[in-house]
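Presented as structure tokens, the chain that follows is alone, the form predicted on its own.
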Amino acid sequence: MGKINNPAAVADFANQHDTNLAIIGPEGPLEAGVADALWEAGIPCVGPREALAQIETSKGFTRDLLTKYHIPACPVYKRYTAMEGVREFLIELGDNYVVKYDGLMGGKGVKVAGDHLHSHDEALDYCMELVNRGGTFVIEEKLIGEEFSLMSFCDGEHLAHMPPVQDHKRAYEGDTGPNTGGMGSYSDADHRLPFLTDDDISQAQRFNEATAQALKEEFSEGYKGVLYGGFIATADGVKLIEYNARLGDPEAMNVLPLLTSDFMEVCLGMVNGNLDAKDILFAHQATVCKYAVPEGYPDSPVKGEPIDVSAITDMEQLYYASVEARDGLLYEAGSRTVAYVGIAQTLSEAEAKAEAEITSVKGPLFHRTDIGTSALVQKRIDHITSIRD
């Protein structure tokens, strides 16, 4: 088929293969309205319609929606279609600002002060680049704290929350280097994270619930699919960084293996509107996911080199990503290559398992050895404690 962003092509393919349920993974088809086409073809779909998918595809829409419905999860922000007023707002924010392209750019549309932009002049140049491209953008206050993800199954009315997860975007040890699609992530056995309070998690859950209700009021139609909240715990409580309209990578690899309920029943509950949170259960185990990525990733990754996974002792939790299979061998395709998820009763045991297995993958690869370790987790605890104190 090959045309996953073409609604008519996807609907035709689904009909030809007598599909009775579709699950949309990437954001591109959601933005293109593939869910709309599937529903109109009589095929139930896990994944929101195009209008509701704006919760991911438009940063400005999301900020305005939360503001309109009095959901207190937003930083100070403004939307722009031209350069008028940009310099003044940057001066108001000082050094704590973020510029976000108002659309999908494969994770490359967000520029953060101090990380990507080192002066107001650089920020203005980036804003002008977006304007010249015909794009709109959002400038908002840079939030300081500890990030975490909370994903929820939604059936248009009811939500069932998954355990929270912390992802690690930076390429190198100690959270240094360029941002990536995610080098790994972890969740804890008590369905908390060591640096979060119960109130932090409850607040994030309430934000997801309120946002789903706001979408229903806005469009007179419920959100059916996974609502992924990218949150940050700050000195002023939990705030929203962004929403995704789908399962997160790598976070899904942490939580779905813990799902003890039937995943197909969960999906049917989402599309049929009869999701029951009390029937959706997750095992109380810790998980640590670590990605092996090509040398040079993300800026100039090695491509086309063979890798060997034969030394993995437990293949069940090995996940293939950017690989090509040719003549019985696996080759790096240039992005994150394979991931391994360690699952155990404690975080330290899960980390040790993930580390041992991902280390056994041979090839021109590297991974972050520190994800899920006691030392890195303690840094998170110390950081949020210092912020809140």
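Predicted model, so just to flag it, every value in this text is computed and none were measured. One rule holds for the numbers: they count along the sequence shown, beginning at 1.
If you look for the form predicted in complex with a small molecule, you will not find it shown, but the lines that follow are about it.
The contact with the small molecule in the model of the complex, taken as any heavy atom within 4.5 Å, belongs to V110 out of C267, L258, V110, I312. Interface residue among K169, K303, H284, R206 relative to the small molecule in the model of the complex, by the heavy atom within 4.5 Å criterion: K169. Screening 210-218, 276-284, 110-118, 194-202 for residues having heavy atoms within 4.5 Å of the small molecule in the model of the complex returns a single hit, 110-118. Taking the partner from elsewhere, K224 is found to have every heavy atom lying beyond 4.5 Å of the small molecule in the model of the complex. Proximity of G156 to the small molecule in the model of the complex: non-hydrogen atoms within 4.5 Å are absent; the residue sits far from the partner. When contacts are judged by a 4.5 Å heavy atom cut-off, K142 counts as touching the small molecule in the model of the complex.
Taking non-hydrogen atoms only, K59 approaches the small molecule to within 4.5 angstroms in the model of the complex.
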